[in-house]
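Taking the form predicted alone, here's one chain by itself in structure tokens.
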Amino acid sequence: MIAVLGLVVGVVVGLLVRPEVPAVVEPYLPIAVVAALDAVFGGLRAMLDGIFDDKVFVVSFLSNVVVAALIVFLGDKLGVGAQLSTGVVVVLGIRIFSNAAAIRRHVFRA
């Protein structure tokens, strides 16, 4: 319940304050969001499987975001940022859909 309350408070504060993302990190924000979603779906799957560990979740969340942003940053420096961004989104998308399928099977017993 505390997590849901924190989420609601965070959304309300975000809507009221309207934070601005610096232009330097704007290209990395969508990749970071997709990486964070991958960690969240993986954590939800682990919770339903009964193997959730909060330390593993935090490390997975942070490392997914950092590694995905680092790959895209290096791609930008090498001149292939768009291609690596697409690759990161495809790989993380596959993981997200795989976790979503496992969650669906667990919830609906199908």
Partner chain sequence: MSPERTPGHHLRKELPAEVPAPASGDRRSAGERESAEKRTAPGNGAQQREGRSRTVPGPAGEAGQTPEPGPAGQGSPEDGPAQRPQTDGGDEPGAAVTGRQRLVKSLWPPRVSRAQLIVAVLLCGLGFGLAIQVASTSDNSALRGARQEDLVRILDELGDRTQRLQDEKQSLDDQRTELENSSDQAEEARRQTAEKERQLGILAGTVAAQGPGITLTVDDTKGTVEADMLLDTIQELRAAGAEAIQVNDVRIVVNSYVTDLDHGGISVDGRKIGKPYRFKVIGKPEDLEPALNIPGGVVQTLEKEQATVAVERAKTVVVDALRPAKRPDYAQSSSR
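These numbers come from a predicted model, not from an experiment. The term rigid core refers to the most C-alpha atoms you can superpose between the two forms while keeping them within 1.5 Å. Positions refer to the first chain, counted from 1.
Below: the form predicted together with its partner chain, not depicted.
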item: Non-hydrogen atom contact F73 with its partner chain in the predicted complex at 4.5 angstroms; value: no
item: Interface membership of V66, its partner chain in the predicted complex, 4.5 Å heavy atom rule; value: no
item: 4.5 angstroms heavy atom contact with its partner chain in the predicted complex for V24; value: no
item: 4.5 Å heavy atom contact, G87 to its partner chain in the predicted complex; value: no
item: Any residue of 44-76 that, in the predicted complex, places a heavy atom within 4.5 Å of its partner chain; value: L44, R45, A46, M47, L48, D49, G50, I51, F52, D53, D54, K55, V56, F57, V58, S60, F61, L62, D76
item: C-alpha of I94 moved at least 2 Å between the shown form and the other one on rigid core; value: no
